[in-house]
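Heads up, the chain below is alone and in the form predicted on its own; it's given as structure tokens.
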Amino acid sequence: MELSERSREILRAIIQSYISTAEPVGSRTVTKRYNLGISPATVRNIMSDLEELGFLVQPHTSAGRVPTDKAYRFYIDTMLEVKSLPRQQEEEILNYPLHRGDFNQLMQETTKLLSALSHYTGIVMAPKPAETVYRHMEFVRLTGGRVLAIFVSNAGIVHNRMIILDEDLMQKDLERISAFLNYEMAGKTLREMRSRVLQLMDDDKNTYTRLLMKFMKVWQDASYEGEVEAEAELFVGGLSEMFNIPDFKDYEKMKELFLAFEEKHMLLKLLDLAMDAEGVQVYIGSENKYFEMQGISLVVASYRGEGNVVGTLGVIGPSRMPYNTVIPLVDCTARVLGRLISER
């Protein structure tokens, strides 16, 4: 939408003022804080026009105006000047003691880092099982026909599943399956492994049939065919930070937010979309069907590992968050996490 230069200046002033104070902005505030060279009466007229266009709302008759989600989208797309990350904050990210051993701990610590630096809630979507490249597979015989299936990724992520077989395979049989998988399947994703197994069964039934049929039985009983499309795990840190923000003093607003995290599949769908996008993405709640919450924004970026995009991370906070500082924070954290995963 085209706005005159004066309207853009006033809209920018109102948004920046509201980001700083969380208080409705009146015409006198605009003229006092920002040297626009126009009278309060002129500002009031333009604010009224912006309200009619859907950029502003007036909470109370005597109050000033507050920006709408439409205003934030216009601001982000056409007026935002993203700053470079301050050197001190960049060093905090680079020197943050992110755990290099346990993968889940690394994910959780990353959410805490995002929360600590942004003062909002940090989120990380771990790599999906289907997109994870595996380096080691093992099947361990337990009692009562039970088998523990263990898959270890190149990044050190461990997926395991307890399975029950109709026939009681001996450990040496399971070791043969494990050895075959580690020789033939290492470096492949779960989806690629399944395709490769089916191909080998067709190519050389005499050599592979008995071994592969046992493996496919293990695969089926472990429900890995369903696992291929399973949701990724979502890590959340600093949710309590929201209690310190004026926008979330309302009980109903906090309840809505907590419910959104409990029903995390919708949030995961949104984060999944961000994996296909370049750079940092900003999602304003009321704009999208996956995380439709008035007054909430997500700033997210994908992170890479093993040469590919494997997950997303970001910050959830009020729509009036300072995007010019949050965007470079999310971008830098994504690059650091990607480097750590690749180093593993």
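Each residue number is its position in the shown sequence, starting from 1. Computed from a predicted model, the values in this text were never measured in an experiment.
One more form of this protein exists, namely the form predicted together with the DNA; it is left out here, but the text below deals with it.
Peer 1: If we take heavy atoms and a 4.5 Å cut-off, which stretch out of 310 to 318, 32 to 40, 280 to 288, 297 to 305 is in contact with the DNA in the model of the complex?
Peer 2: This holds for exactly one stretch, 32 to 40.
Peer 1: Contact between residue 25 and the DNA in the model of the complex at 4.5 Å, heavy atoms?
Peer 2: So residue 25 counts as contacting the DNA.
Peer 1: Residue-level question: is residue 6 within 4.5 Å of the DNA in the model of the complex, judged on heavy atoms?
Peer 2: Yes.
Peer 1: Does any part of residue 50 reach within 4.5 Å of the DNA in the model of the complex? Heavy atoms only, please.
Peer 2: No, residue 50 is distant from the partner.
Peer 1: Give a yes or no for residue 67: in the model of the complex, does one of its heavy atoms lie within 4.5 Å of a heavy atom belonging to the DNA?
Peer 2: The answer is no: residue 67 has no heavy atom within 4.5 Å of the DNA.
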